[in-house]
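Have a look below at one chain only, the form predicted on its own, in structure tokens format.
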């Protein structure tokens, strides 16, 4: 698998006091939409700034497109588009003037720059605002301009730091739609940091979960769901719940169950027999007067997976620290 971003033992300590990023091993596949997920203060923005060569790591290495990224890697940064959190722009410029300014910085000739600006203004739905001063823009409109800006140089890698933060529902939906469309371009890889689980689950193909500067998971969305809560099944039923729970007690692979009105959550002893257990449950429902409203594995919810991984990291962190010290 070809990787676009690769870090080894990446660490950043501020003032010999605060460990913002801790021994980070990151691997971002080519053509993926990679969600860098973690609570506020987990080290996401610091990591992005190191990946861009804007701040120097305290330790570790960074490779972008298999080349070392350093603070003087100007040519390498030209292949990257960056959208910071809450971007700010010259108040009195219009989107067209600002994008033209950015194009000149990248050295894009006029004959290519003007069509590119026109394309971006249309694709980010800024055509109606093209002659308006940026200072009059809403948060959502500013974000759309930010996306247009980071695409001006037609980068191979897009890095977006909390692109949906602070947006109203309409602005958020617009930003998500744009990112989803960008992800369909096979020439691009997208790296998005966020603490909003619903966004990551909606458009990302891969995810890295970070807690207190430490990467606690790196893989696909489906892998993180399978890793956590894979031993549970949730059924929404209409019918005799007492008879159904009595049946559950006869099944050797069911460890326990929890019920609420119309809902049963079943916990398995051994995930190896997951398929057989599900078939037995479905057969019982089919043979008796029940209506199955919904069915899902406990691992299908990214929020549950995320919270469980954070809890495991919190409880295991001290023991790992002792092991490293030894």
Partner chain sequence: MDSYEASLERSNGDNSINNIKLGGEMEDNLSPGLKEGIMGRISIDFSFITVYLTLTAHEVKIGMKSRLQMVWMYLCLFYGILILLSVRDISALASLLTFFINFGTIIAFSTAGSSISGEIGGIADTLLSKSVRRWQYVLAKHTAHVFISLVTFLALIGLEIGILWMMKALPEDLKVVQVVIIISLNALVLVAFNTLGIMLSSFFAKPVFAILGSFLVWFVLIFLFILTPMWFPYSPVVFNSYFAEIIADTWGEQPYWHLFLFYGCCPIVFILMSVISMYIKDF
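Numbering follows the first chain given and starts at 1. No experiment lies behind these values; they were computed from the predicted model shown.
Form predicted in complex with its partner chain: not shown, discussed below.
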May I ask you to state whether residue 122 is within 4.5 Å of its partner chain in the model of the complex, using heavy atom distances? no
So in the model of the complex, does any heavy atom of residue 25 sit within 4.5 Å of its partner chain? no
Would you check, heavy atoms only and a 4.5 Å threshold, whether residue 143 touches its partner chain in the model of the complex? no
Heavy atom to heavy atom, is residue 217 within 4.5 Å of its partner chain in the model of the complex? no
Residue within 4.5 Å of its partner chain in the model of the complex by heavy atom, from 242, 104, 256, 136, is 104
Among the candidates 195, 188, 77, 116, the residue which, in the model of the complex, approaches its partner chain to within 4.5 Å (heavy atoms): 77
With the partner left out here, if you bring back its partner chain in the model of the complex, are 52, 55 and 149 all within 4.5 Å of it by some heavy atom? yes
Going by heavy atoms within 4.5 Å, which of 244 to 252, 124 to 132, 166 to 174, 79 to 87 lines up against its partner chain in the model of the complex? 79 to 87
